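This document opens with one chain alone, in structure tokens, the form predicted alone.
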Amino acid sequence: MNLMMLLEMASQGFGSRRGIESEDTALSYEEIFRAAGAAAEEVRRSGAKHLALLDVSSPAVPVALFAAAWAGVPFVPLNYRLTGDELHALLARIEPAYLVTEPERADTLRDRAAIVTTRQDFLAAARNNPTPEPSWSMDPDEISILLFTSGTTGTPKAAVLRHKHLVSYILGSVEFGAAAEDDAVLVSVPPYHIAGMASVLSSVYAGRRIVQLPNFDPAEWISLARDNAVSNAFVVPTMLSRIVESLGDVDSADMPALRALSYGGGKMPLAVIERAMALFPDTAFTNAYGLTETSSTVTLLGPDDHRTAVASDDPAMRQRLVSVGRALPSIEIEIRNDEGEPLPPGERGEIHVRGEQVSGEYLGRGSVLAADGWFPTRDGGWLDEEGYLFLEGRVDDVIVRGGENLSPGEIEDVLLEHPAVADAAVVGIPDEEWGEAVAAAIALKPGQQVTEAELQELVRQQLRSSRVPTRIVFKDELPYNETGKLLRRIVRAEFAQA
């Protein structure tokens, strides 16, 4: 079992079909296969133990990903937004590495890797050098990809994804050759994110043309989707919010080719998804929840779920529109309390998942999987009676007030019900009497106003008084990273500074 089997099947099944295009470069699936083989030969000759990529989305991404699998070394996409010192520290952990990067970075990194080559030189050599005879390891336990975490709470951890995890995910969620010849997927998430890797692998196996947007901009996303008759796309919630905002007050997005739009990576505000569904009436929406350690998606809220929820007058049914759906057939999910005991529907706790695609392993730190295969996600949430999963942020974000655990997500949901509120972030702040108090940062919709007292009363009416924010600040926007994760640590820091 090796990721190369996915590309080999694609090259044999529909080799002449265009596989990827970005700016001035286009490659068929057969050309990607040949380029991966030639690049793998270069990596093998270099003696490097990792193939690293420090670059935005480009045709070098799939070539390098599959070249690493062919050469039998881990693929390591690095975050190009990190500082020089941060990048040097990560490169020191994977030396000796074969590094593919942007031309402007190449010279400054030549002493940090065994081989440093630019994206252009890497692709030119891969396309012009001879392709060796197919020969790669089929050991499913070999490391396929190393993905460094964001490192928000300390030194970044390198999540280990072995071939068996990624292949299991693709075979269990994607039908081979399912895409029509004119299908195209717009990839706007960065390659160092698990969604970026999953987009490449699933598109290759389905036979879908990959259109890349190196740096997200809502106007460029809209233009690229229209000009390329994009049929599929994946965005994070903040991206979808900006796309909806960029489209303005029109009745339709005017993208008839867009049949499927998936989103995930963060909590989706109800108003945003409702507006998006109105703008894209003929588009099937899917909410996907997953983690790096689970090889991407573990739950889905499918198109039928979206349509049923938005058309319902039943509050419980409509609430499912902000859930992340139900577990994939190959995945088990449990909600557990602090003692590790499973909780019934409706009870809040930590999300645990189990399945063949779940890794739960970190380089140099071993596995955090339980003996029976369960992975503690550190995400908080709850399940309803029919197995729909509702997220409530990280369990580390729980506010402990006078010994009572308060969920930030529960309070945010109430705040977001106010028609003037566009976004909300709830955090705990130090309190001498209670240990922690509730604080909220609020972003308002354009032209809207609401007072602190009004929002406090809204929470008081729907929740217990202990959950009412004692402090509320109004911001133009809330801090998110580029993959749609709310940066609560920045919100906390701003309260501390104030």
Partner chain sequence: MAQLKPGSRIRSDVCDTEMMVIAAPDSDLEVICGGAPMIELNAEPSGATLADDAAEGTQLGKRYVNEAGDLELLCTKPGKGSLGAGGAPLQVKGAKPLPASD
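This is a predicted model, so every value here is computed, not measured. Residue numbers count along the first chain shown, from 1.
FYI, the form predicted in complex with its partner chain isn't displayed, but the following is about it.
Residues of just one listed stretch (171-179, 243-251, 308-316, 387-395) have heavy atoms within 4.5 Å of its partner chain in the predicted bound form: 171-179.
Proximity of 12, 198 and 205 to its partner chain in the predicted bound form is complete: all three residues have a non-hydrogen atom within 4.5 angstroms. With the partner removed from view, the residue among 286, 131, 405, 120 that has a non-hydrogen atom within 4.5 Å of its partner chain in the predicted bound form turns out to be 286.
A single residue from the set 75, 382, 234, 374 has any heavy atom within 4.5 angstroms of its partner chain in the predicted bound form; that residue is 234.
In the predicted bound form, residue 370 stays away from its partner chain, with no heavy atom inside 4.5 Å. Proximity of residue 329 to its partner chain in the predicted bound form: non-hydrogen atoms within 4.5 Å are present.
Within 4.5 Å of any heavy atom of its partner chain in the predicted bound form lies no heavy atom of residue 323. The shortest heavy atom separation between residue 297 and its partner chain in the predicted bound form is within 4.5 Å.
In the predicted bound form, not one residue of 467-486 has a heavy atom within 4.5 Å of its partner chain.
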